[in-house]
Structure formats: structure tokens, C-alpha cells
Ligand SMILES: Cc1cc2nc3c(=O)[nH]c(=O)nc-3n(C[C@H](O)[C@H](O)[C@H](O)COP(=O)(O)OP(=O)(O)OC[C@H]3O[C@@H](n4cnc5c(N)ncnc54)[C@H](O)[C@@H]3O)c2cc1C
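Given next, in C-alpha cells, is a single chain: the form predicted alone.
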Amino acid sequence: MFGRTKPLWDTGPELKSGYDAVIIGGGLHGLATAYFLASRYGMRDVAVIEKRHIGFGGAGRNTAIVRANQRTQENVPLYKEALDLWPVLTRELDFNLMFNNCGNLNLLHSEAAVNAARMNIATAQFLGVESHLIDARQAKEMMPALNISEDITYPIMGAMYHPPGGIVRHDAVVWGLAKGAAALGVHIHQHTEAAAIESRHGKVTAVATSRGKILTPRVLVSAGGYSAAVIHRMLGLRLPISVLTIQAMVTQPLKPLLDHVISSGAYHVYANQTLKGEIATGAHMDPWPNYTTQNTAYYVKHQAEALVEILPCLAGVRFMRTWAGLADMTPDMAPIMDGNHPLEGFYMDCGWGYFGFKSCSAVGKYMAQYMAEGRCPEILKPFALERYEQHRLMGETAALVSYSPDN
């Protein structure tokens, strides 16, 4: 006879009338912040409020890729620390997060792309992140299945090789953080909707939920693709965020084929091979704002055509399942992390686009510091909302926009 399975975390704590901090959003950023508040700052009287179930949003709808080869000096240190934290968290949580730093191979298809990669690589190396420029033959040696012939739409001229990157099992991270946070006293309230943030004299005082009011002096909104709508509904603050669908899919299981994560900006495709042998692959975002998590035939066709050009051995392989998630994109493709604006005790962590999974370990650490100490850590200061008022867009992918929080 099998005994009853013990839950990894306490799934049914009583909702208390007050907490030292309330986190709206039970995804990776919210759970990581809760864990670090409890483990690093002794703030264990914390509630995580999730409308559905933890990991419902982007945390469970991604391709599990992690890397630190972004473009700017503000971004790279944050993602580097996130990479460094995966083995640390695996030990601390006593939970196998299945981190595999197999390396990332970013394909380059033009002289302009090669020159841009040189800038990326120089930035990475200057900031202590390993990254190399390799030619097409070296890329072929690393990945024998790669097609480096001239008879494809975008011939491969080289690649940016980033050895520290790789993949982490996304649902394992959700479960591990929830387990670790709950063990330290954090309350995780699933199927609990946050309805309003209450304030008095410019300070946060409470969160009204579908299960009752919670008194608290600190609130973090970290609800992924839903963050901008939640913040606008609760506080009337409009953020420069567009919500776009991003689609992904997996093939039937195959023998080991991809030793590294592979991506191509020209083809708008990226892929890795899972432990089960599936090729997990994703594309660029849908070009129109929406809140759907449905897949389209166009993207299935696009993925198949792109993958077969760069990896011809995949011709005839079947896609077994598809999914889609929401990417909350800012004009400069960099997040918004801010505190005490527009209310003292209010914090936001949003606008991550498709970088949220890659950053969650480090962001949780620093947002916890921000909430516990009330002062913004230096590493987070470039990501304040005011950069849009001051036209200081970051160089990840900056667009020319004008933004005012009042319009």
C-alpha cells in the first residue's frame, strides 16, 4: 500500500489578517523574492498571492534557456549573477533544479551581425562573462548537425559561443522555491485574487483580496504579463509595456543531437534538447499586443521551416505539443524594477519580455533587499521607471518613444 504523498509545500495555510509583506504573483520572481526575504533578511511573515496556481504564467510557459550574453553593461552583471546562483540555490533548496550549463551558440548570418557580436563579446568579457566569436567551421565542429552550406536563406557566417549559459528545468525552479520559502514560514495562497491596494497618507496599508483584507506596509507586484494591467487597475499608473504572445513547441523525443542551446536572430528561432530528447523550440513574439495563450499555424510552419534549414536532419520530425505565454515588453527590452513609487511601500518588478526566466534568481535576491531595507540596490537603479521620463532608454533594443506616467 502506498501512503499519502506529502506536498512539497504547505498548500493550505490560513490567510492571516496581516503580513510584513505581500507579493502579488506566484511566478518565479515572486517566489524567489519571498524565499530571499525569508532566508537572507529573516522576514518570514510574508504572503504570496496567486490568482490561479503557482507557475501558471510565464514560469511554466518558456523554453528554460538561461544566459548572460546580453548587450549592455547594466544588464550583463544581473544575468551573470543569476547564472552563478543556480548551483547555489540547488544546494540551499536541497532540490535538483536540473541546471545544465551546456553553453549557448548564437548563429550569425551577416557581416553586420558579426560586428554586433564583437561588441557583445567585448562587453561580456569586460564584465567577466565568458563569450567567444567562432567561425562557421568551428560551429559545425561543435554541432555536427548544423548546415553551414551556402544554399540556405541565411547562410551561417559564424557564431557567438557563450559557455556559461544553458538550461534549467522551469517547473523544478517553481517547486524548489515554493518548497524553500514555505519551509521558512512564507504563506503561499493559491486561487486568491488581489483586488486592490489600499493606502493612507501616501503609504501602502493593505491589500484587498478575494478571501479578505490583508494589512501590510509592503506590496510587490510581480505578475509577469499581467503586471501592467494589475498596476493600472489598482493604482491608475500606466506603464510603457505592451503584452505580446510568444509561442513554443516540442518535437517527438530523439537521440542526443544538440549539445548546446542554438539560436538565430535572422531565422527568429531558438532550440535546445531536453533530458527526454525532445527539441524544445521557440520563435519571436507575435507582432501585435494581446493576452491570448493560443498557438497559430503560422508559427508552427515557421518553426518547421527554420529548423530544417539550419538542422536538416530534423526534416520529417513531428511536433508533439505547443504552448504560448505572455511577454510584457518595454520599448527598450529591459525591465522595470522600482520601489516607493507612486506609494511608499509599493514595489514593482515587471516588463521582462522574454528575459524573465533568465533573471529570476538574481532579481529575487535584490528585490528582497530593496523591500527589506527600503533602499534601492545599486544594481537595480538603472531599471527605474523614471528612465522613460528622462529618455534614458537602454541599448538592449531601444525604440524612439516619448513616455509620461500621466498619459
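From 1 onward, residues are counted along the sequence shown. Bear in mind the structure is a predicted one, so any value in this text is a computation, not a measurement.
There is also a form predicted in complex with the ligand; it is not shown, and the following applies to it.
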Report summary line: Contact with the ligand in the predicted complex, heavy atom within 4.5 Å, among P164, G176, G325, P331 goes to G325
Requested in this report: Let me know the one among H53, R40, H341, R44 whose heavy atoms come within 4.5 Å of the ligand in the predicted complex, would you?
Outcome: H53
Report task. Considering only heavy atoms, tell me if T192 and the ligand come within 4.5 Å of each other in the predicted complex. Result -> yes
Query raised in the report: Might I24 be said to contact the ligand in the predicted complex, defining contact as any heavy atom within 4.5 Å?
Result: yes
**Report entry** Exercise: F355 in contact with the ligand in the predicted complex, heavy atom 4.5 Å
**Finding:** yes
**Report entry** is_contact(A306, the ligand) in the predicted complex, heavy atom dist at most 4.5 Å
**Finding:** no
Report summary line: Of 118-126, 146-154, 193-201, 179-187, the segment with heavy atoms within 4.5 Å of the ligand in the predicted complex is residues 193-201
Requested in this report: For the heavy atom contacts within 4.5 Å of the ligand in the predicted complex, list the residues of 60-99 involved, in sequence order.
Outcome: R61, N62, T63, A64, I65
